[in-house]
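Read the single chain below, which is given as structure tokens and is the form predicted alone.
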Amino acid sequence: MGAATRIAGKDLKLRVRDRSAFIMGIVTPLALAYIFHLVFGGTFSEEALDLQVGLVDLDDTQVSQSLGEALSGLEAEGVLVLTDFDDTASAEASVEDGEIGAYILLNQGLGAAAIQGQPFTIEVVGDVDSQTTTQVTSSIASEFGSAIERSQLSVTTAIALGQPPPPDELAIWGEEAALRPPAFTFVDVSADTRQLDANTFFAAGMAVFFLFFTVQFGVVGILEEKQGGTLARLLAAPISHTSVVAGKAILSFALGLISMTVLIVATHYLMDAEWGPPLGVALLVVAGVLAATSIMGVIAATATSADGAANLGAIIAVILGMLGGTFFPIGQGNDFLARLSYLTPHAWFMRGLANISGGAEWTEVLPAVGALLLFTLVFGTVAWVLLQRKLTR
């Protein structure tokens, strides 16, 4: 073991001097993660959805006022900012000035039409440059109109069943039906988050994606030394083949561990990435580095040259990274692509982080760690046997 650690230490000094591992393992993933953070990091934050909505109520009946009450409720919850206008001219001027993104117009006669079962119109006017606000406002107006239609249907059904209200109570029936609360409501129930926030997703995705490029510097070193003629001299010394392979594996593991540790700390302070409980993250990182080293070891053992191993390793790393969802989620639910992604260590690494996000216990990472260790066992065994044979040729 002493010979293996000395070989790893010697190679580590060489990699530090040429800065190749530093650039590929730290600088590049950190730069890309930060770029993604600047471009997409705030897309789904609370501050990103700025809904400025207006309301013009020309009907001023209890039916139309119910929409204003609903919008006020959404404003109280922080969903949107509501502005009331007395006429359409002031509302349109506010849209043109960019003060609001869209407004809802309730024309006079809406309440009477709702009560009498007559057709009605709800208008939504939005800014062409505020598509999100306009679409959300249109959805709110559409749901309000659907509620009125349901109330009209209830009154019509009562009449069709031979139980019509007295003529003097028809308006009361329609108004009560229009204002009746829904039969069900959605309740916000707090639960452990199983999805990474944008900043953590990009940080973790870039870290595990470039991890496979980083660990490659260690195991591919066997081919580099073989081509350079230093491997023959190394084997001529009283050093076993096992020590040589172990030394390269230790180097790969050390490079991967250093890279992941630096990226975790840097993205936490630079991007506000929340990685989760330290113990769970540590287990996941160690298992992920071992899995990456094992897979790249198989590639190094099957390649005929250092350049060939580097090229094949890059192809495999990109394919696994894309399929594993390091740039964007792959598949939905339990569809084919979603299940296929779990054939990659990347997907298990990302899943493990998601499992311990949102305040969950560190033990939630154990299934993902187990899957990564299974990758290590299978590919590590194959790589160990093939690299030993390569040294004897």
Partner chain sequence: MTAVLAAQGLIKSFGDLIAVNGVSFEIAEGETFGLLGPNGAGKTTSISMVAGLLEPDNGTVHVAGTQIRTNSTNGRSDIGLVPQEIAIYPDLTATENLRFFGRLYDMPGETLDKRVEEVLEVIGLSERQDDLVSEFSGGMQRRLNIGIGLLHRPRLLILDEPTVGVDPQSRNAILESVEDLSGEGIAVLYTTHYMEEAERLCDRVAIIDEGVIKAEGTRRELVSLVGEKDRIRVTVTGDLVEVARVASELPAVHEASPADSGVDVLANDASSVLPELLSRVAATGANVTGVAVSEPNLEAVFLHLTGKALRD
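Given the structure is predicted, the values throughout are model-derived calculations rather than measurements. Numbering follows the first chain given and starts at 1.
Beyond what is shown, the protein has a form predicted in complex with the partner chain; the following relates to that form.
- Partner proximity in the predicted complex, defined as non-hydrogen atoms within 4.5 angstroms of the partner chain, places exactly one of 96-104, 141-149, 221-229, 252-260 at the interface: 221-229.
- Screening Val265, Ile315, Ala76, Ala236 for any heavy atom within 4.5 Å of the partner chain in the predicted complex leaves a single hit, Ala236.
- Listed residues Ser240, Ser305, Gln108, Thr121 were compared with the partner chain in the predicted complex; Ser240 is the one with a heavy atom within 4.5 Å.
- Remark: Arg6 counts among the residues lining the partner chain in the predicted complex, judged by a heavy atom distance of 4.5 Å or less.
- Taking the partner from the other structure, the partner chain in the predicted complex has a heavy atom within 4.5 Å of a heavy atom of Leu14.
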